[in-house]
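First comes one chain, alone, set out as structure tokens in the form predicted on its own.
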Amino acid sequence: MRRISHEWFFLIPITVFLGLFVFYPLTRVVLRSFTDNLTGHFTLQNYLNAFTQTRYLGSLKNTLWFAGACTLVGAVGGTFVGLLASRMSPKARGMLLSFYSLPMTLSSLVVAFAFIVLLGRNGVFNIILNRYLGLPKFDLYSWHGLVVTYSFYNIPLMTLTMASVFLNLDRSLIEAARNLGAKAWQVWIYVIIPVLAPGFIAGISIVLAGMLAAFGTALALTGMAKSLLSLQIYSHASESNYNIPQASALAVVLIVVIVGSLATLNWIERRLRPGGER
């Protein structure tokens, strides 16, 4: 009789945890999405609503646009800062990356109220812009205001990823390309970018997944004024607009969008990886 290795017993706690707090709730959400809110009978109406009603289609469109804009800003800013960090001394780089780790430890509500103090209608920076510089006030409660607020998370997150990618870049490849007569722009296009692309795509995946499900800060800043899929789910799960089956259907749609986006990015990352799939 084959003996079971003792190491497998260490998987029992995490398996139980995932079963109770991930797979069971997810299964319940999927099952509830196919039930009628009034009768409890099987129905596809919740999904028909999700793909036919204007408010839900608008929420899906806004979610994709918002997540894409936030990811783009985070990717560009984080890559630039990551490159600068890789060129710093180890001590300075450690201090910068430690400082950039702080946003990940802060509550979304704390961040939202901090931005209200700084960039709200009567915020410190808005008073300076309007009263002393004669510039129009920044609208924190608009779509671009939300993009700026979420950059507080996304740029540091992308920086932590890209700094490691730049530090692990094989300098011998760059030296070999230069010895062969490649110009600076050719080194970037044909050597550096292809090598960095898999790590860049991996960083984008982390940011995009978080932005597709963005909730706390957006709710604290705009309430339900901005139509995001996550906020629509919240509205149906609250007492004021209680419809758990519809919320479940919207949640399943959001899960499918996130999984599909990550699967696509993962496929692209494998294609770009040196020696990867072709």
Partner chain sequence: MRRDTVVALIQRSLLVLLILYIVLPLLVPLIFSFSTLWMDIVPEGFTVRWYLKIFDRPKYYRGLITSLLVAFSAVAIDVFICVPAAYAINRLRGPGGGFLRAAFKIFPLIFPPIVVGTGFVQAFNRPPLAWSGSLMLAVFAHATLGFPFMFRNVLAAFQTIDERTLSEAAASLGANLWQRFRYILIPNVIPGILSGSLLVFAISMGEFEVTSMIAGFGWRTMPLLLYRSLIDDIRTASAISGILIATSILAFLGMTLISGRVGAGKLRAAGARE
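Positions refer to the first chain, counted from 1. Please read these numbers as outputs of a predicted model, since none were measured by experiment.
The same protein also exists as the form predicted in complex with the partner chain; that form is not shown, yet it is the one meant from here on.
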*Which residue among L140, V195, A75, L96 has a heavy atom within 4.5 angstroms of the partner chain in the predicted bound form?*
L96
*Which one of L57, L64, L48, A237 is close to the partner chain in the predicted bound form, taking close to mean a heavy atom within 4.5 Å?*
A237
*in the predicted bound form, do M88, T105 and A247 all reach within 4.5 Å of the partner chain through at least one heavy atom apiece?*
yes
*Determine whether any heavy atom of S227 comes within 4.5 Å of a heavy atom of the partner chain in the predicted bound form, and answer yes or no.*
no
*Does L254 reach the partner chain in the predicted bound form, with heavy atoms at most 4.5 Å apart?*
yes
*Is there a heavy atom of K183 lying 4.5 Å or less from a heavy atom of the partner chain in the predicted bound form?*
no
*4.5 Å heavy atom contact, L109 and the partner chain in the predicted bound form*: yes
*Residues in which of 209-217, 64-72, 49-57, 36-44 have heavy atoms within 4.5 Å of the partner chain in the predicted bound form?*
209-217
*Give, in sequence order, every residue of 150-181 that has a heavy atom within 4.5 Å of the partner chain in the predicted bound form, or say none if there are no such residues.*
S151, F152, I155, P156
